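Presented as structure tokens, the chain that follows is alone, the form predicted alone.
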Amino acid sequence: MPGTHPRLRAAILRGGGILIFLLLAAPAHAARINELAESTLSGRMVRFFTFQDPSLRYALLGSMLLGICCGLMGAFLVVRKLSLLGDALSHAVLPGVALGFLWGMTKDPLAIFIGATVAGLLGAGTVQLLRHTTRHKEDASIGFVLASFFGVGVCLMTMIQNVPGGNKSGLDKFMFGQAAALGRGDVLLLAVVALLALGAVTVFYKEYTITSFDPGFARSMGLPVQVFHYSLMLLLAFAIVSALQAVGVVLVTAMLVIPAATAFLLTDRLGWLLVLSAVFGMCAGAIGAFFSFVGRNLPTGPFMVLAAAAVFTAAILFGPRHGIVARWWRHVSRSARIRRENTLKSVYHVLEDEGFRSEQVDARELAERRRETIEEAQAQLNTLRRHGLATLSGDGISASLTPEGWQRACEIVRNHRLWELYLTNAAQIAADHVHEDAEKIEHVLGEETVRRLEKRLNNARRDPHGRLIPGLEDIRLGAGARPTPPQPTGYGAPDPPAP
């Protein structure tokens, strides 16, 4: 498949391998996934991982396939901000399920699939029609379709239950799902839908990407945006209908949204979003089948949703970029770094006030400068020592900056004073009103921004208060020898008048 996304090609190969392995596994002895209540827990676990039972193979494979379908389609729903539309379509297919049964008064998978797909597409079309022909926005249109179609479906299902033999039709499983009832035909249907979804997303990956993120630009390129939109809706309807038997109308939305929402927390790339969403959906299906098999008559669909929710919770808590723990740790690390840099700046100010005649700073002088106790100042100096930014004297009450500490101190002071000068020159802000803003910006200015500021300020050497601004040469001295005593380019030497 030239020109397609490599991760999607790898996912297709892996999915095909799993499908062949489970379908060709050796025939087994127990008939249904919930008929093993008499065996021990360890025995059921062994039977699960050896795939001995055909009902288990069908339930496991079907659950994993629907996880892949729902994960892929859900990813596009999430990036297009259409998650509620998936909920509406999952409820809108219920009348089609009932009509498919009424067609031959039998639970024919093909008839039910066709009826549910037509109902889902009709629901999607109704949403678009209401959006373009009325004053209602998309949320109101989706709410109308969800409630009205679902109400019609419940009425039809109730009528079927009242027909002689209707209560044994098994249609009630479409409400809440029963993966254990999946047969060979259901699994083959799921496999066809999964391969269709994978193939469509792989072949039209670029087109789906651009129409999802920038439909206006896609139109300018001549792409049929509406065609790709409705093709996604068709694939979404296929995924929903094929998943009904396992998770039901009520829970299929969770399998569409939760894996995709989990992947959305972990990556900003659509390719990885699709792969992770499909993987999370597949894992949720496998975990749901596992607990349903080893438990005693436990439902598969709800456990699939709970597994997906558990992964989502883990991503919220421990995600490397957007996780709560990661954000908390970044906040703590940033706060600690700012405290160290403020201490370095205070050490620089003490040395500057003394004309840089000494390299050492006494804890008492630092405490007076920072308006802290001597114990707090000593704790800050110890923190600098632990990070290799300072060395303490034998008595521990004075410290000298290391070359790295001196360099960072000069950079912070330079950033602060350059920003003050920039605000007074470019923004015409009074010199006595720029200190607080510079206190914040000094910790985030990058070297490229500093170079641009220096160029714009003609490499000025004094800030608005007449204090010397450390230059590049002064900062580089921190990597080697300390400037003792100050050289002509140092901080204690005479300097040309400020411009």
Partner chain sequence: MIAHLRALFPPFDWHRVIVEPWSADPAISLWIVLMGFFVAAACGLVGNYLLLRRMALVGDAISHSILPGLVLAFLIFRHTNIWTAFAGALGAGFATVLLIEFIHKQSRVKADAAICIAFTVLFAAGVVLMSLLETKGSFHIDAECVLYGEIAFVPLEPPVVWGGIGLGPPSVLRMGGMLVLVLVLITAFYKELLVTSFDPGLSRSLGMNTGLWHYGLMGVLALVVVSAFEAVGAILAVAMLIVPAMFAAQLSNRLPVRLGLTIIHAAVSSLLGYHLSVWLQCSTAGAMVVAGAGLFTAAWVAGLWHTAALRLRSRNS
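Positions refer to the first chain, counted from 1. In this text, all values refer to a predicted model and were calculated from it rather than measured experimentally.
As for the form predicted together with the partner chain, it is not shown, yet the points below apply to it.
Against the partner chain in the predicted complex, the set Leu84, Val154 and Ile324 is in full contact: each member has a heavy atom within 4.5 Å. Of the residues Ala309, Ile397, Val225, Ala379, just one reaches the partner chain in the predicted complex with a heavy atom at 4.5 Å or closer; this is Ala309. Between the options Tyr422, Tyr348, Phe150, Phe293, the residue in contact with the partner chain in the predicted complex by a heavy atom within 4.5 angstroms is Phe150. Heavy atoms within 4.5 Å of the partner chain in the predicted complex are found in exactly one of 214-222, 402-410, 316-324, 424-432, that being 316-324. Thr391 falls outside the set of residues with a heavy atom inside 4.5 Å of the partner chain in the predicted complex.
The shortest heavy atom separation between Gly355 and the partner chain in the predicted complex exceeds 4.5 Å. At the 4.5 Å threshold, heavy atoms of Phe204 stay clear of the partner chain in the predicted complex, well away from it. Residue contact with the partner chain in the predicted complex: His387 places no heavy atom within 4.5 Å of it. For the partner-free chain shown, Val250, Leu251, Thr253, Ala254, Val257, Ile258, Ala261, Phe264, Leu265, Thr267, Asp268 of 248-272 come within 4.5 angstroms of the partner chain in the predicted complex, judged by any non-hydrogen atom.
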